[in-house]
Structures are given as structure tokens and as C-alpha cells.
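Two forms, one chain: they're shown below as C-alpha cells, one block per form, named structure 1 and structure 2.
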Structure 1
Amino acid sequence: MDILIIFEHSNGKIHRMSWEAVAAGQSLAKDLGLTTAILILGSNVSELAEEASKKNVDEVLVADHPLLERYSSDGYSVALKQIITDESPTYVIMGHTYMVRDFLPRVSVALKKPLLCDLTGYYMENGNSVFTRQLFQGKITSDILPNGEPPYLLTFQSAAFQEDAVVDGSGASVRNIDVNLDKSMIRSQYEEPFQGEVGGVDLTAAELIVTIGRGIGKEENINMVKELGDTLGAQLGASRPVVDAEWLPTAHQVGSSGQTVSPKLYLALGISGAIQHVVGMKGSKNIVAINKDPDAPIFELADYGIIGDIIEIIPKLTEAIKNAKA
């Protein structure tokens, strides 16, 4: 095969971004006239292989090994280096997930092959694919190209491709492949995952959310947003820097490390719109953003935008809402 798409799964469930990776792979295959395969690493994964084989790919590869039952950076790096060397695909595609962040850079070094990561897409130019990715947390875009001979490792940002764009097929063949792993290669022990403190804050069902970003400036200013939230009857969300500074508890964090929300109103105050925040709130029905920077990426997402100083606007907005409700 030419394009090897690697699945990520836990508890028998395939990661949403692995399906997006399939959509990316199918799209590239079509544009470049290439063949595709899905690779599943794990132990006892025949059900997942069956699920994968229903998609329009040329083959499904299964690397079944007891030491791959649970993710480890060492195990995955060693196994993938072997598989990529044996199969010599042109492109290897994965979603830019936290797991992939953890080991794929090592595979790039081990193979001495480029890792084009966190891609937002690609476009065709003179029969070649040019890849795009964000710089400066989304404020600038870049075009990049891999150098040297393939394979090229690619990871795509969340929602760069759509899960529902995946094309079904008529039953791809499944092939088992060998990997050579032994216990001594795995130098780390992974304990059971656990959920962080949620502290009774459930934003997933909230109808109205007012979210505070770093633009609020200092802890003393949090109170004015609390008052706005109370007046509006909205829950409080926060971006990571606000949580990092301990201005609000972690449980309020919206984004890839926090909650994923889809309220009727998402009022983003002093939020720049970095991808890790956006993945948690882009499903909101109505997004209103207030930011002093007209070029802030959040405006690319907002239905309504105000360019202005939130410190000035928030108290007046609270007053005006009080009056409107009276």
C-alpha cells in the first residue's frame, strides 16, 4: 500500500480522530492515485479489524502482540519503526492526538523521516500535495513540504477532515503482520488512567456559557465575569491559562484537555481561539467573541464579534442585561 493510516483505540473504541485520519487518507489517495491500508496495533483486536475492513481501503493490517495490549511510548515506537520499514508506505497518517504526540516524534528520529504534524490540510499544486499548518497558535498559516525519500509521517489536527466524509467499502482483506517485541524494550510502566476532579461543574449540558480567557488580565477581574454570568444565568467556562493561573478551578476548563460543550450561547471573552480551546467549543450554536485584537483567530469561528476591551464592556453589558431582564 502507499498510504498507511494508523488507528488509535482504547476500551474497544476507535478514536474519533482516527476516522478523520481515514478521511484524510482517502482524500489523498484519490488526489494522488494511491492505495490505502489501515493498521491496528494491539492485542485481540479482531473486532476493530472487522470494523475497519468495512471502509473503502485496500487492506487492513493487524499487528497483534501482548506487549501492544496497552499503549507504551517504547512499544509503539519500536513496533511502528519495524512495520513502516517492512511495508514502506509513501505516507503514514494519524490524528494529532495526545497519544501520537507522545511517541511519533521518536519514530521520525528512528527512521530519519519527516513528521509533518498538526496539519490543517493540504492542497494540490502541479500534481503534488502541499501541506498546511498553523504557526503562532493559529495567527499565521504555513505551507510545508517533506524533504528526501518517503515515507513521510503526517498527523492531522482535529476536524481538519470530517469523520462523516469517510467512504465505506465492500470489505477489505485483513492481513496479520509480525512485530518483534520483547519486555526488555519497554522501559516504562503505565498505570490505570483516571479522571481529574470535576468538582460538580458540568458544562456539557449548559445552555449558556460565558468563558474567560487570559484577556481578563488579573484575578481581581474574574468577579465581574461571575456577575455577568449570574445576571445572564450562564455557567462559567475558562481557557487553560486562566486555570493554570488558578483564577478558576480546572473543572471550568473548556478544550481538548477539559470539557467539550455545545451551548446555545458561548460568549468568549478575551480568548484568542487556539485550536486546543476551539475543539471544545466549536459545536456551540451561537458564538459571540469579544477581543481587542481584530486578527484574533476566534473571530474566524464567531457568529458575532466585537473588537473591544472586555474590562470596559463587561460591567456595562451586565447592567444592560439587568435592565433588559427587568
Structure 2
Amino acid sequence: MDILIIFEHSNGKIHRMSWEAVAAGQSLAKDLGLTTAILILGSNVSELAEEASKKNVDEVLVADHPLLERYSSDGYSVALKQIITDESPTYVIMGHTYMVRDFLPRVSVALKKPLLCDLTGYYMENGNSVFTRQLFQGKITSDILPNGEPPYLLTFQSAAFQEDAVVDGSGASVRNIDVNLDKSMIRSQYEEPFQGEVGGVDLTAAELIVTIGRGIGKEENINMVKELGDTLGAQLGASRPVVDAEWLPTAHQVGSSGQTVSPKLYLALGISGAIQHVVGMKGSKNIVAINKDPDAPIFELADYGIIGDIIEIIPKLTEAIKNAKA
């Protein structure tokens, strides 16, 4: 195949950003006239392979091995290096997740191939794919044209492509492949999966997010936002000033120095719309902004905007939603 898309999964569920990687691979394949394949590393992953085969790809590869049942940077990097060497793809694509940041640089070093990471997209120029990446907290966008011999290792930022853009197929073939692994290669010890904080705050997987900025005024006002979030069934996010003031833990931060999200609904409360924040949430499906400053930059990005004081609006909005649910 020409494009190899590596799936990330846990507890029998495929990571959202892996579907975004499929959308990226399908788009690239269409523009360049290339073939695509999905790779699943793990143990007893036949159900995941069946799910993947329903997408518009040419093939699904399954590396089923007992030592891949649980993620380890040693096991994944060794296995992926072998597979890339054997299959010779031109592009290797993954979402830019915590796990990928842990093991893919090792594959890059082992193959002596550069890793183009945290990409925001690509465009075509003279028949070539030119990849884009933001620098200096989103102030500058760099254009990257890979050269030298492939494979080219690529990771795409969350929301660079939309999960909804994945094209379904009629049933791709599934092929089992062998990897050479033994226990001596796995030097790291397995621990419980990383969580931002006790109780888990994974904004990247949230479909509804209510985010507060400095317009909340003081820490005591956050309780009304939490009530709104609970009423909506939404996760609570924050801009950097709120986190810097220690009103909320860093796990809640959205932006260039926090998490990048793409929920179905993003409710921005008292957020001005600084570029550092915007780069982390611009991929949201629907953005609703409430700010008392009519010239706030967030309104340029918002699908719906309300000019007003969030301290007055939030309780009324919460009450209206409760009444609608009653």
C-alpha cells in the first residue's frame, strides 16, 4: 500500500483521532491517486479489524501478538519498524496523541526517517503534497515539502481533519501479518493509562464543552458554570488565564499550551478569542460565544454569538435548559 494509517485503541474502542487520521489518509489518497491501508496492533482485535474494514480503504492489516495486548513504547516501536520495513508505505499517518508522541519518535530514529508532527493539514502544489504546521503558538504557519526517500512519518493535530469526513466502504480485505517480538524486547513496565487528573478529564473525547475565560471574574463564579455544564452533560474547559490563576487544574486548559479539541458544541464564556486559545478549539463543529465586548475576536469564529454579561446570562441559560428537559 502507499498510505499506512495506524489505529490507536483502548478497551475495545478506536480513538477518535485515529478516525481523523483515516480522513486525512483518504483525502491524501484521493489527491495523489494512492492506495490506503489501516494497521491495528494488539491482541484479539478481530472486532476492531471488522469495524475498520467497513471504511473506504484498500486493506486492513492486523498485527496480533500477545506482547501487543497492552501498549508499551518498546513493543509498538519494534513492531511498527518491522511492519514499515516489510510493507514499504510512502506515508505513515497517525493522530498526534499522547501515545504517538511516546513511541513514534523511536520509530523515526530506528528508520532514520524524519517525523513531521502536529500537522494542521496539507495542500497540493505542482502535484506534490505540501504539509502545514503552526509555529510560535499559532502566529506563523510553516509549509513542509518532504524530500528524500520515503516513508514519511506524519501526525496530524486534533481536528485537522473531521471524523465525520471518513468515507465508508463496501468491505476492505483483512490481512494478518507477523511481527517478531519476545519478552526481552519489552523493557518498560505497564501502568494504568495516563489521566489528566483523578476522575479523568479528557477534553479531546468530549462532544460538549463549556469553557470559561477571564470574563468569569472570580473563582467563586465557576460554580455556576459547573452547574451549566452538568445540566448540559458537558465537560468543563478553561482558557490559560483561568488556569494560571489556579481556579481550575491544567487538565481543563484548551489552547496551544493545553488540549486541542473538536466537540460537537463548544460554548465559550467570557473568552476574548486570543490566537493561543483559538488554535485549540477552532475545529469545533458548533461554536457559541458569549461576551460583553462586541468587538471580541471570538465572535469572528463563532457560529452563534451573544453580547452580554456571562454572570447574568449563565444562570438564566441553565434554568432555561432545565425547564426544557423537564
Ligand SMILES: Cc1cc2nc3c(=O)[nH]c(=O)nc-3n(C[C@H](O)[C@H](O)[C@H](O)COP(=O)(O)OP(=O)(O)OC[C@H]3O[C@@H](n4cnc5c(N)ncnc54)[C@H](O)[C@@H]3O)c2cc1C
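This one's a predicted model, so the numbers in the text were calculated from it and none came from an experiment. The term rigid core refers to the most C-alpha atoms you can superpose between the two forms while keeping them within 1.5 Å. Just so we're on the same page, residue numbers count up from 1 along structure 1's sequence.
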query: Index of the chain form predicted on its own, chosen from the pair; finding: 2
query: Threshold 2 Å Cα movement between structures 1 and 2 for residue 302, core superposed; finding: yes
query: Core-aligned C-alpha movement of residue 101 between structures 1 and 2 reaching 2 Å; finding: no
query: Threshold 2 Å Cα movement between structures 1 and 2 for residue 14, core superposed; finding: no
query: Rigid core superposed, the C-alpha shift at residue 226 between structures 1 and 2 in Å; finding: 13.1
